[in-house]
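Take a look at this single chain, the form predicted alone, given in structure tokens.
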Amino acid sequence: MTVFERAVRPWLFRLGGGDAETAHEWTLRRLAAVSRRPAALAALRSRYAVAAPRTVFGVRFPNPVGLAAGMDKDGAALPAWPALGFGFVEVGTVTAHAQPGNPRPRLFRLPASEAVVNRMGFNNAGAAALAARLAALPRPLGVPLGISLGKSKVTPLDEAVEDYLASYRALSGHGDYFAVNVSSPNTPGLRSLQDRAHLDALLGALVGEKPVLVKIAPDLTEAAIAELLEVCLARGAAGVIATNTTLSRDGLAGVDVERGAQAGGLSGRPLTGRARDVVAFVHRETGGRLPIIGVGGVLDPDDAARMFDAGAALVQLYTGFIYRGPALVRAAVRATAGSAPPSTAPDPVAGR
């Protein structure tokens, strides 16, 4: 057990009377302060940073373990994440319009299950505010930056394409890749954008100079995933992020069943197997033509290694970081350092 698990995590879990979002906000404030102190960043880098470079969808990553979207939606603490060992950082999900998200409380830990339920609802300051913050960064981040794009809650589904485009236009000069989030369960109707017609129109508008990836739900059937992948290949998407949170409550410890039954997406240990199965299916179905960022239930180095074995080219952490701390980043990089990225043969349909 690490110092984080033994001492820091119990203290954080008690903060704010046990309110998970209060602890999250406190942590972000402290990391934002660290981000302004070069000596502190250097000390963290010396402890946690591990090099294991690889190139995926044309982007060079210093190591293949990244921070998933949702942890730092507005980019408040960007310089701290590479210092904690992450090889890339994904901010957002950001929307064209600033929005407060769903009412609090909306973030809940299920410690016996090593899980989290969230119904945040894309709370963020908006694409223009994020663009201004990224433009003001005093120095290069040093690792690739992904930007997760979502639909504003006030925007009707039939105007979703223009809404995503507005965010993309505001941020296109700042991201190394863009993730199209059409799979969060916390924005009404959003998951319908994974359907063929909606996704085809969305990718037709967004795919261009920067790599565009599609983030998919773990709750889709294999037939639905296969149809989604056909659209991704035909429209030239750079890859897939598998997976988002789940509506399933399978795998919860008995003590967590009642608390876990509330509305929201579930992440963490109960998602480990399903996320890995989706990664394996995507890799099989596309013959390795679509690089995959594997995310969901990565709570130890073996989970990360098995994601790569299933076909992931990169992995991301969120809930695992909450429960294990920065030592997991370093350990996951070391566990996967010897793995070669899966082959990504040119796609004759999309011309990639």
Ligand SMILES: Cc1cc2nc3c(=O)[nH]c(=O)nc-3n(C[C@H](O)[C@H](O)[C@H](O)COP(=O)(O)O)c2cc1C
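Numbering starts at 1 and runs along the sequence shown. Computed from a predicted structure; not experimentally measured.
The same protein has a further form, the form predicted together with the ligand, not shown here; the description that follows concerns it.
- In the predicted complex, I147 stays away from the ligand, with no heavy atom inside 4.5 Å.
- In the predicted complex, at least one heavy atom of T245 sits within 4.5 Å of a heavy atom of the ligand.
- Although the partner is absent here, Y177 sits far enough away that none of its heavy atoms falls within 4.5 Å of the ligand in the predicted complex.
- At the 4.5 Å threshold, heavy atoms of A237 stay clear of the ligand in the predicted complex, well away from it.
- Residues of just one listed stretch (224 to 232, 277 to 285, 90 to 98, 249 to 257) have heavy atoms within 4.5 Å of the ligand in the predicted complex: 90 to 98.
- Screening A83, L202, A127, V116 for any heavy atom within 4.5 Å of the ligand in the predicted complex leaves a single hit, V116.
- Note on the partner interface in the predicted complex: the residue among M120, L171, A77, V212 having a heavy atom within 4.5 angstroms of the ligand is M120.
- For the stretch 265 to 290, the set of residues having any non-hydrogen atom within 4.5 angstroms of the ligand in the predicted complex comprises S267, G268, L271, in sequence order.
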